[in-house]
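Coming up is one lone chain in structure tokens, specifically the form predicted on its own.
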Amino acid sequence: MADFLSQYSIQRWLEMCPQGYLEDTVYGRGADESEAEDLLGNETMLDAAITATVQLVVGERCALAASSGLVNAAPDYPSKRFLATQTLDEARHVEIFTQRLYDLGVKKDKLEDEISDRANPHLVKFAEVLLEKVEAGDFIAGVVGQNIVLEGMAFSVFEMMEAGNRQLNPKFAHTLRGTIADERRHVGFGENRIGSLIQEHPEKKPEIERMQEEMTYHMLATFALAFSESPDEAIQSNGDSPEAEWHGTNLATATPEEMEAVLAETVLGEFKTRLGRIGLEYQSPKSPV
């Protein structure tokens, strides 16, 4: 517990985040960085960027509701303190991705309409499954759903988007690097804290594994719908830059189908590893397509 206290303390969070990789940033990026002119001047790419960013806002709003809801459900104060810092992280993510929508031209008085119109329905269902556990005060299931499944998905999505934007849109890539650092810490907490609790409550395993299966189904359906609706012109190109390669796939030349496949394969591989570490068996969902 002593190592847990120091690793996930508020002091550690202050040193790593506000005083560390976020220092001197504005909405997660450099004060002089802006969206790429090529993106802002291309109607198809701009529309796709707005839709993609809406999904980030939807996901982070879910993460904010989940982490804040889990604070009171936590059985010990070290967990409460960590989840308080995670709540602020998630609130920051909501803010920076909302700001990106404004940077892309979404009017503030139209924000909720854009989110409602563009939100992937499968992502909305994914969030509902998690928040049902949180609202019931189920700490173990809530942390698995939040810090293993949701954050594990977000971590890989952000990594792929960051790789694809390094050359094309350094401002957005910079924003994503900060969120990746946050997600890495959140996933680590989930693994380190929940394993012992699952050992203490083995009767929870079937219920949690059913939740994971349902969330995974909606996650894969989210990916399938998102990539099927991506026009070829909106697939961001970085030429033949090696920096655009992610898990063996060149994002500059990959088709939407190839990008969906590498993302799904990466996320599922991470799920299986992390769930195994905490004593759960990955449950394969039925195919969403």
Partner chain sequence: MVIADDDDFDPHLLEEDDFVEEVQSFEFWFGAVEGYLVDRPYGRSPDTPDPELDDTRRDRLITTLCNYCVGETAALEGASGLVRLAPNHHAKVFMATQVVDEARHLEVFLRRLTDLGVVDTATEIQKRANPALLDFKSSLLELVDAGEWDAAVFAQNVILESMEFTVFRSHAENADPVTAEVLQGVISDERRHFGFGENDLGRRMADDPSRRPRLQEVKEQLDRIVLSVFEGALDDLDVPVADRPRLGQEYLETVERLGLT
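As the structure is a computational prediction, the values presented were derived from the model and not from experiment. Residue numbers count along the first chain shown, from 1.
One more form of this protein should be noted, the form predicted together with its partner chain, which is absent from this view; the next part is about it.
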Report whether the minimum heavy atom distance between L88 and its partner chain in the predicted bound form is within 4.5 Å. yes
Taking heavy atoms only, is N72 within 4.5 angstroms of its partner chain in the predicted bound form? yes
Should W13 be counted as a contact of its partner chain in the predicted bound form, where contact means heavy atoms within 4.5 Å? yes
Indicate whether its partner chain has at least one heavy atom within 4.5 Å of a heavy atom of E135 in the predicted bound form. yes
Which single stretch, out of 255 to 263, 38 to 46, 56 to 64, 216 to 224, brings residue heavy atoms within 4.5 Å of its partner chain in the predicted bound form? 56 to 64
Of these, A84, V106, A119, I198, which has a heavy atom no more than 4.5 Å from its partner chain in the predicted bound form? A84
I have G142, E159 and T249 flagged as a candidate spot, so tell me whether each of them has a non-hydrogen atom within 4.5 Å of its partner chain in the predicted bound form. no
What residues, if any, in 10 to 44 have a non-hydrogen atom within 4.5 angstroms of its partner chain in the predicted bound form? I10, Q11, W13, L14, E15, P18, Q19, L22, E23, T25, V26, Y27, G28
